[in-house]
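Just one chain is shown here, as structure tokens, and it is the form predicted on its own.
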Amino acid sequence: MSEQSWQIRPESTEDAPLVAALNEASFGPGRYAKSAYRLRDGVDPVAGLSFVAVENGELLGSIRFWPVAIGMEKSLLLGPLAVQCDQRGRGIGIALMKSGIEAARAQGHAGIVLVGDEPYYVRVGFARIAPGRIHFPGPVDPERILGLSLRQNVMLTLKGEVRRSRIDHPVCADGAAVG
């Protein structure tokens, strides 16, 4: 087994265009129609919770966390988690999640929710949310709603619709600025 030669570090401003290109390559234009993307639209990721994996100056993967509310409780939304196609299977995605989860816990966040494949995300502690407890806006397969408590049993108590907890960019849906 070879030694890990890549590093996880906080995302910098200079990484933003590379992260955008990685997300485009990984998820394509269809990502804009997903419920999770709509929760991110007009909102900045949580400061200190965006990480990248780099090797020899090349961006291999990225992760971001976004502020959301579930019912009346603040929480985080994980995603997108992206790794270059030819780099998958090296543990980069898992390492990015572990870094983000550790930082979110250190910042005092209560829990994290996402829409994803349970067999992958269970490796870092996520579990399926009981159907009917948490609802995303728009179509989402309830079997793919996963959560992770950062404080004891937080995800067992959350109930309601996932929605943006704030708007950072005053832009209407059609792109016109709000006066």
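Computed from a predicted model, the values in this text were never measured in an experiment. So that there is no doubt, residue numbering starts at 1 and follows the sequence shown.
One more form of this protein exists, namely the form predicted in complex with a small molecule; it is left out here, but the text below deals with it.
The small molecule in the predicted bound form comes within 4.5 Å of a heavy atom belonging to Ala82.
Looking at Ile101, you'd find every heavy atom of it more than 4.5 angstroms from the small molecule in the predicted bound form. Taking the partner from the other structure, the small molecule in the predicted bound form has a heavy atom within 4.5 Å of a heavy atom of Arg90.
Put simply, Ile94 is close to the small molecule in the predicted bound form: some heavy atom of it is within 4.5 Å. Between the small molecule and the residues Phe65, Phe51, Phe136, Tyr121, the one pair within 4.5 Å by heavy atoms in the predicted bound form involves Tyr121. Checking Gly42, Pro131, Gly116, Gly125 for any heavy atom within 4.5 Å of the small molecule in the predicted bound form turns up a single hit: Gly116. Between 108 to 116, 43 to 51, 149 to 157, 65 to 73, the stretch whose residues reach within 4.5 angstroms of the small molecule in the predicted bound form through a non-hydrogen atom is 108 to 116.
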